[in-house]
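The data below hold one chain only, encoded as structure tokens and taken in the form predicted alone.
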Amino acid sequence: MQLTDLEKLCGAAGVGNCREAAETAAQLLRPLVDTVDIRPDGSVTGYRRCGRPDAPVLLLEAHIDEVGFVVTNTDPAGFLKVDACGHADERVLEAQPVLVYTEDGPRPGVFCSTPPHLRKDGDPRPALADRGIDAGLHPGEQVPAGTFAGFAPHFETYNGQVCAKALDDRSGVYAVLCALEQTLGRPCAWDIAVLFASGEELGCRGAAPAAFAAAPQAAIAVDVSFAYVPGSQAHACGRMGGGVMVGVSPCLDKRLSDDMIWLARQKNIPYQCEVMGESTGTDADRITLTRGGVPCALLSIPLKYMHTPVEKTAVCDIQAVADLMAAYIEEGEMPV
């Protein structure tokens, strides 16, 4: 895998039921597994068999969708009114470039911004329903209600870091692909099921049915988590550049979490613990409740500026997640 592959993933549309991101991920996945499918809900699944009869199944999961917007109507002046599709950070919407995914192809636009000269001190920030997207429509021109829109793609790299939209969770998808590439052709005791789930930003909708179909004996979910920035609490955040964040939670399997920490130490993979007192807020919560219950670990990538168009993470942290997954694929044991 190359960073250009991560750029392709981040640039693809994955708001709501947009399939471009799923199709891009499926294309990158095909050389690494035996079979690939895109489910009716837009989740991508893959399967790699180890050749052992009755081998246990290990599920590797990351979500493929992203936060964005859906058009509710076009006002008489030609501005698009939208509702949230996921929970984008509304504080940063003013003057943000977007793409409106029309049937005729992506159409550029920008969230409207009132000039500071026309504002009064203390004016409240407008609600999303009161904002508009200027897509260059003439008065009376319409975009159909139900059309999705998302942050405009961009991809910058500097000082070992990447900045883009949708690194939540295309960086996780990329980490899974890197782990699969690292273990390609090597002996393995597992059959590997892969899931790039749809609908995580809409309530973790895609992970449960696809995980049910895969029927794994263990699972590793990969997502992003909060990296420290000024104004946040250091103890509640990971450190960008500090390595993979190994989840510790009552919702997660302690044996798997302990194994991840042990492997990280054995392989000199940089890691940090992420302690959560209740649920994790990720697809791992749904996977653990699948069928009769699935032991699940959570590996997270420290991310700054979550749910904005300028999400940022460190390449070394993505690689640490991939290395730890690869180590578990080759040396991990079934939790019993």
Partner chain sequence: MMQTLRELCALDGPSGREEAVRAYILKRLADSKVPMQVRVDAMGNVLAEVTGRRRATRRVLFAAHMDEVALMVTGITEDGYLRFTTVGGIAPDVLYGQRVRLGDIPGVIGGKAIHQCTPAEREKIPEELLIDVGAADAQQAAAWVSPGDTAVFAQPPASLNKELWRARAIDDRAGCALLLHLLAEQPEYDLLAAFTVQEEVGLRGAGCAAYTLQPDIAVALDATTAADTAGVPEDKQVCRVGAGPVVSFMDRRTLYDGALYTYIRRLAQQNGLPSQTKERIAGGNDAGAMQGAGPGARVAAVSLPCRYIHSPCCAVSSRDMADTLALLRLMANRLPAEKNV
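In this text, all values refer to a predicted model and were calculated from it rather than measured experimentally. Positions refer to the first chain, counted from 1.
The same protein also exists as the form predicted together with the partner chain; that form is not shown, yet it is the one meant from here on.
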Contact residue in the predicted bound form, chosen from D134, E181, D258, D83 - any heavy atom within 4.5 Å of the partner chain: D134
From V143, V248, C204, C237: within 4.5 Å of the partner chain in the predicted bound form by heavy atoms is C237
Taking the partner chain in the predicted bound form, would D34, T72 and G105 all count as contacting it (heavy atom within 4.5 Å)? no
For the chain seen here without its partner, which of 43 to 51, 303 to 311, 25 to 33, 263 to 271 has a heavy atom within 4.5 Å of the partner chain in the predicted bound form? 303 to 311
Considering non-hydrogen atoms and a 4.5 Å limit, does the partner chain approach F226 in the predicted bound form? yes
Answer yes if any heavy atom of Y101 is within 4.5 Å of a heavy atom of the partner chain in the predicted bound form; otherwise answer no. no
Is C112 near the partner chain? Define near as a heavy atom within 4.5 Å, in the predicted bound form. yes
Any of the heavy atoms of G185 lying within 4.5 Å of the partner chain in the predicted bound form? no
For the stretch 162 to 191, which residues lie within 4.5 Å of the partner chain in the predicted bound form by non-hydrogen atom distance? C163
